[in-house]
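First, one chain by itself in structure tokens, the form predicted on its own.
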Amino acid sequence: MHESDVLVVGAGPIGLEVAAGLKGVGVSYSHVEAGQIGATFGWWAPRTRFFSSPERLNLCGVPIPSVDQGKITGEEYQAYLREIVRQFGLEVRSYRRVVRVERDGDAFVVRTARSLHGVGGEKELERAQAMHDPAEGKGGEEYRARRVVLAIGNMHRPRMIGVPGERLPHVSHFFEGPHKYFGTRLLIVGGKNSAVEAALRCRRAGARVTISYRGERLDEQRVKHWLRPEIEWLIEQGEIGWLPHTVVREIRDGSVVLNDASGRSAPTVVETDFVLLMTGYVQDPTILEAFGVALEGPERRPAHNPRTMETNVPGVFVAGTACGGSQERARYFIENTHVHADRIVRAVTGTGLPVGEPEFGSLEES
């Protein structure tokens, strides 16, 4: 059994920042990750760029090098995270998924099992619920710690739309890249950033793209400012099909039935070879529930004290985008949750917040 003062679960950016902070003040910790460090960025489409500038994404004061001094890609960020692990000498036990949680006096005993793909991506739809299957824990490792930090993120599974045909083989909730759609008819459902980026890249790769969106126009707050003029121009030119005020009623082999979102018109049928459902992602709260963390509101946000990041369960902390649950309109990003790492370290060491620090991060509640 591995014993330490703190167990950190999740090795995304904020999980790594928490680990570096704990190590810097001499707190013993263990660190487990269900996949590889920065696993979420591994199922982004190749060469997808961040909304945020490199300065807002850097960790522990270490700058992110950028060849063109612009927005970096998911692949570049993964390379940066690897260097953070090396530079700070962090020890992350990857490919270990939490499958069981127990109390042992004033400590937690957490059992892990080997995980081959981590969290997120297409395989997450097929994975058995390990937390609910005790057999999954056989042959794993146990960790004992008085405190646990859950930096698990919030993009674990696609937001299902619940219509017939959603699981057909030509339907995907994940954009793996544009080459697959060359020379085909592609219907993209959604009108936010992921949908727009997929539409532009697939159209440039030679796909005949149509977008179905329940709204009247694209939300300028949810689409990268350098992409919105491009997509709007292509729609105006008829290069990309645009079906506003529509929602999917049924997906068939070769077509999709769309309802008028306003209810004023009859359903329409769109012929298509592939369907991309860019409808967002939700958090898997299984680990939070296993620790007894209360989940609040329709987004099921974990209850926590924003000054310390401690949840309603003493000794259990939450960090990073995990704080937002399945947020519809994101309030928690990498760049506004760096403060969580410092707050947790201060709570663990008993030093408290420095005088004058606001209760919330400058952007957390915006």
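All residue numbers refer to positions in the sequence shown, first residue = 1. Only a predicted model underlies this, so the values are computations on that prediction, with no experimental measurement involved.
Keep in mind that the form predicted together with a small molecule is not shown, yet the notes after this line are about it.
**Q** So if I measure heavy atom distances to the small molecule in the model of the complex, which of the stretches 46-54, 303-311, 61-69, 22-30 falls within 4.5 Å?
**A** Checking each option against the 4.5 Å cut-off leaves 46-54.
**Q** Taking the small molecule in the model of the complex as the reference, which of Pro178, Pro158, Gly190, Gly153 has a non-hydrogen atom within 4.5 Å?
**A** Residue within 4.5 Å of the partner: Gly153.
**Q** Looking at Ile84, Val92, Ile251, Ile287, which is the one with a non-hydrogen atom within 4.5 Å of the small molecule in the model of the complex?
**A** For this set of options, the contacting one is Ile287.
**Q** In the model of the complex, is there a heavy atom of the small molecule that lies within 4.5 Å of any heavy atom of Glu335, even though the partner is absent here?
**A** It does: once the small molecule is placed as it appears in the model of the complex, Glu335 has a heavy atom within 4.5 Å of it.
**Q** Hey, in the model of the complex, is Val98 touching the small molecule, heavy atoms inside 4.5 Å?
**A** Because a heavy atom of Val98 falls inside 4.5 Å of the small molecule in the model of the complex, the answer is yes.
**Q** According to a 4.5 angstroms non-hydrogen atom cut-off, is Val9 in contact with the small molecule in the model of the complex?
**A** Within the cut-off, so yes.
**Q** Since only the chain is shown here, I'm wondering whether Ala34 would be in contact with the small molecule in the model of the complex (any heavy atom pair within 4.5 Å).
**A** Ala34: contacts the small molecule in the model of the complex.
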